[in-house]
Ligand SMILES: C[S@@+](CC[C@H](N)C(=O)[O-])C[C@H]1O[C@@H](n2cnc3c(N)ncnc32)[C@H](O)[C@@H]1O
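First, one chain by itself in structure tokens, the form predicted on its own.
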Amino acid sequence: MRVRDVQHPMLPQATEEELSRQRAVVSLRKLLNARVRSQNVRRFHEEGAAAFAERNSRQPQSPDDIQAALFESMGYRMWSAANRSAQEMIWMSVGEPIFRDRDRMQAAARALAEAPDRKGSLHLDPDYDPSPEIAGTDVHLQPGGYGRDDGPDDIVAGAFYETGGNVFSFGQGAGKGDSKAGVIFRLLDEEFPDFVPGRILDLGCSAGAASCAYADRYPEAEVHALDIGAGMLRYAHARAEALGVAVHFHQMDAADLRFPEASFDLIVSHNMLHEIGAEKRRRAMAEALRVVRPGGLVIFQDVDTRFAPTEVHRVEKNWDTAFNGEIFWQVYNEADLVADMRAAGFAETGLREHNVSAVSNINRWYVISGRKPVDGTPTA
């Protein structure tokens, strides 16, 4: 359940030529990440900073200066153009099989969602208007973004997210056994070994991979998950049913939860914080604290760009803000998330930041966790 390439009927049945194209994109992205991007900071120091100083009669100091200096490097500009093109190629390589096979995929999803023995549920809100800051953006250039909905049976957003996400992750060097949920399972085992949740809520669940992993890991628990897009959620629901796990999906905003107070033991999110603005992030943290039970855990996992060792590394990581549809990437990188959690009401002694390795140890993840006090007493 934790592997990235789990098979189910909603995945497009790609031809050998289509699979070959996807493998080529994976290889290109591995090359760009391992051999080219890894030299960007060196290019700043050896080329960009000097060129910036000559042009401006001063050294680069601010983040904007550093960004401008990076673009003084021909090597950086070549990487930037190639990386943008490779990202667009991901969606072309998975889009062709998705649209060719869409009728079969949607029929399979509909049959699973309507099966009399279905385990979970899907709750769409026809009056819900997804946040324009997210729904109106092709996040990481995914066509139509997270809020895409092409009709009553549409599942394209979810299909794009899962298939494109696999090509993206493999291009980053992730293994097929990698799983963001697996990282949290390991964290729970190591730091909260006696914690067994009875009700779990997954915020910003996208195509539902993590949601299914929690349902598989905790078969006695009641698992709920939410996201903004109907197309994404139809796919996630059918995917869960295909895998035989019970997850209850909701079209809902993480900053406006329609659940009663103290109704979940564990609230998680995976890579959601860098997709939302500061105000929505703070409201989501406060809402998570409201609906988690005393003694319960709230865990936000996200990209490790916050661990950049220098300002140059940090600015280099902010490339996605301008060129990859990640409009809140820099906002996330520069946020004081501990202060946000405190302002949301989390007790200082229950807050922890974690720098954790991926399941494959290829990369690392940022995690911040908070435990709700029991009877007003902070829980470490």
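This one's a predicted model, so the numbers in the text were calculated from it and none came from an experiment. A residue's number is simply how far along the shown sequence it sits, counting from 1.
From this point on, the text means the form predicted together with the named molecule, which you will not see here.
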item	value
Which of 104-112, 118-126, 185-193, 199-207 sits within 4.5 Å of the named molecule in the predicted bound form, heavy atom basis	199-207
253, 271 and 276 each touching the named molecule in the predicted bound form (heavy atom, 4.5 Å)	yes
Residue 280, heavy atom within 4.5 angstroms of the named molecule in the predicted bound form	yes
Partner contact for residue 223 in the predicted bound form: the named molecule, 4.5 angstroms, heavy atom	no
Heavy atom of residue 239 within 4.5 Å of the named molecule in the predicted bound form	no
Non-hydrogen atom contact residue 285 with the named molecule in the predicted bound form at 4.5 angstroms	no
Sole residue of 300, 249, 146, 160 within 4.5 Å of the named molecule in the predicted bound form, by heavy atom	146
Position in contact with the named molecule when the complex is considered in the predicted bound form, options 228, 90, 292, 215, heavy atoms within 4.5 Å	228
